[in-house]
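Heads up, the chain below is alone and in the form predicted on its own; it's given as structure tokens.
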Amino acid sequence: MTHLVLAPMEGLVDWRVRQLLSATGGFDLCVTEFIRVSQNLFPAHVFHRYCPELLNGGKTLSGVPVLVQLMGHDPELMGENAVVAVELGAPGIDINFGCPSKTVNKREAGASLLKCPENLYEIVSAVRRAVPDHIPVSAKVRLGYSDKEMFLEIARAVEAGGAQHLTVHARTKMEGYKPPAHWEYLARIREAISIGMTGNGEIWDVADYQKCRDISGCDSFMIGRGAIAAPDLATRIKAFDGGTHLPRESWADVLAKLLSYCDLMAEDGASENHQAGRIKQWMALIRKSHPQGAQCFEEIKRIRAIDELRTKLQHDMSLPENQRTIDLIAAE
């Protein structure tokens, strides 16, 4: 049975998105945005801000477990913060060794640590020692920093540190998110380690999933941008595995999710700028999977007032499907 994980995406996949996508179905696990550990032992409210699911037994409202992801270079401080997260109810700890952000990497965190696999070993070991044995520890890595020469050393360092699971984004830090993802390396890593492994990178649709599965041999996959672009992707992948073809969800269903996201942000006191910005970010990715998304993005990208943006989405959602098709053809 295929295991699907909703990827953490800084500045986009927050608890609201986790709630909406886990309710849509298909995902077996979620991971929080990274909590940057640099100098402090964080108080409870910081963990609750990143992972309010801790107040619900470490699960989304749909019952999907949520791992708390930590990122930093100080092994002992990482371990101490992991203990706090577990005491607050985290069902597991994930360690970020994959973030390609220039800001993060300038501060000896994220993918910069891949330059020396010993760093990974020390950090994973410290976290593993710090938390109870029954709490799983996992890590996310890339194939390397500037090249792929140490991709097996990286994976083995995480395993040797005591992690129970490894997620591999099939690109280097320097490759960022530029296609292609090198799925063939996933197969070599999977054969070289004995712990569980999740493949990640460039899974935008069911066909990509099938190809990645066939090349990598993995049975667990992390989906990030693909799940934002097509919110029902995980459900369609699970249906495909079961021998069923599910049609892509309607444009009205996609817009309904965006409006629900607005509601959740408003309930949480998010500013109008924040709400509008997040909706535009989401729509920018939806363009890759839904042809209506490109036109909609052009129409909303300069809207700043959240009420105006909501009105636009509600209007489009109320249109008959055939009218949307006519409008799309006319726009082209």
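In case it trips you up, residue 1 is the first one in the sequence shown, and so on. Here the structure is a predicted model, which means the values were calculated and not measured.
There is also a form predicted together with a small molecule; it is not shown, and the following applies to it.
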| item | value |
| --- | --- |
| Distance check, Glu108 to the small molecule in the predicted bound form, heavy atom within 4.5 Å | no |
| 4.5 angstroms heavy atom contact with the small molecule in the predicted bound form for Arg171 | yes |
| Gln69 within 4.5 Å of the small molecule in the predicted bound form, heavy atoms | yes |
| Contact label in the predicted bound form: Asn200 to the small molecule, heavy atom within 4.5 Å | yes |
| Sole residue of Gly224, Pro231, Pro117, Gly92 within 4.5 Å of the small molecule in the predicted bound form, by heavy atom | Gly224 |
| Option from 28-36, 54-62, 41-49, 296-304 whose residues, in the predicted bound form, bring a heavy atom within 4.5 Å of the small molecule | 28-36 |
